[in-house]
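Next comes just one chain, in structure tokens: the form predicted alone.
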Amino acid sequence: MTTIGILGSGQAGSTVARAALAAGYNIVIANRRSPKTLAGLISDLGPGARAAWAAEAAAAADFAVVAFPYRPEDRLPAEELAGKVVLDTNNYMPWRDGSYPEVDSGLKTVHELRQEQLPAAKVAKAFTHIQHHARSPIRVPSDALPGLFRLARPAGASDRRALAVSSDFPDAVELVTRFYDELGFDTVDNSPLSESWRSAPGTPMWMQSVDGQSRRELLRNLQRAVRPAPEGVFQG
């Protein structure tokens, strides 16, 4: 049985863990503190989940999920993640995490910076435009579910939504595509990582993310994205 190492136990990490467990995966989850601090979450997640230190979760993983914002000073378990696909759920939100000149200038995306933190891993931007919390406002009872559950549909459903993936590695895109499908979503490949800005907050596809979009709609909205000019630079 495939084991997913999840680094980060907040809203995104715990929601992806629940979805993966429901799809038949084993989960090893870690946070910045001790595994003991995750006892309540592990009890809630149930069989198939266990807590560990970050390096242990990374070592146990067949593939991993990084579910916390990028910080250049972070020391990630790069050796344990070498050769493995790593799904990065982070969004670049300067108001929350601070700004980075490489990203603001358009030189790199935040996911390329994550790839530099994990040079021997295969980073893929994934799960970044699906809500891991209830819809707001709640209109019907199902809106209380996280979007990852609320919007999931079986393969072939006429109202199936799609999620984007970006990576510099085709096998990482293939893995994410299979994982998305198992969780109830189609895939749009928005590779490489240098193109991942097209699914960033504020882009056309992002504006449609609350209730999702079909594969065709997502493709169109990704293509409509216009990269903001660096501060002080006129684009005309």
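A residue's number is simply how far along the shown sequence it sits, counting from 1. All values derive from a computational prediction rather than experimental measurement.
Keep in mind the form predicted in complex with a small molecule is missing from the figure; the text below concerns it.
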Segment that reaches the small molecule in the model of the complex - one of 155-163, 78-86, 100-108, 126-134, heavy atoms within 4.5 Å
126-134
Which pick from A200, A172, A67, V28 sits with a heavy atom within 4.5 Å of the small molecule in the model of the complex?
A67
Indicate whether the small molecule has at least one heavy atom within 4.5 Å of a heavy atom of R96 in the model of the complex.
yes
Do G10 and the small molecule come within 4.5 Å of each other in the model of the complex, heavy atoms counted?
yes
State yes or no: in the model of the complex, is some non-hydrogen atom of D74 no more than 4.5 angstroms from a non-hydrogen atom of the small molecule?
yes
Check whether N91 has any heavy atom within 4.5 Å of a heavy atom of the small molecule in the model of the complex, and answer yes or no.
yes
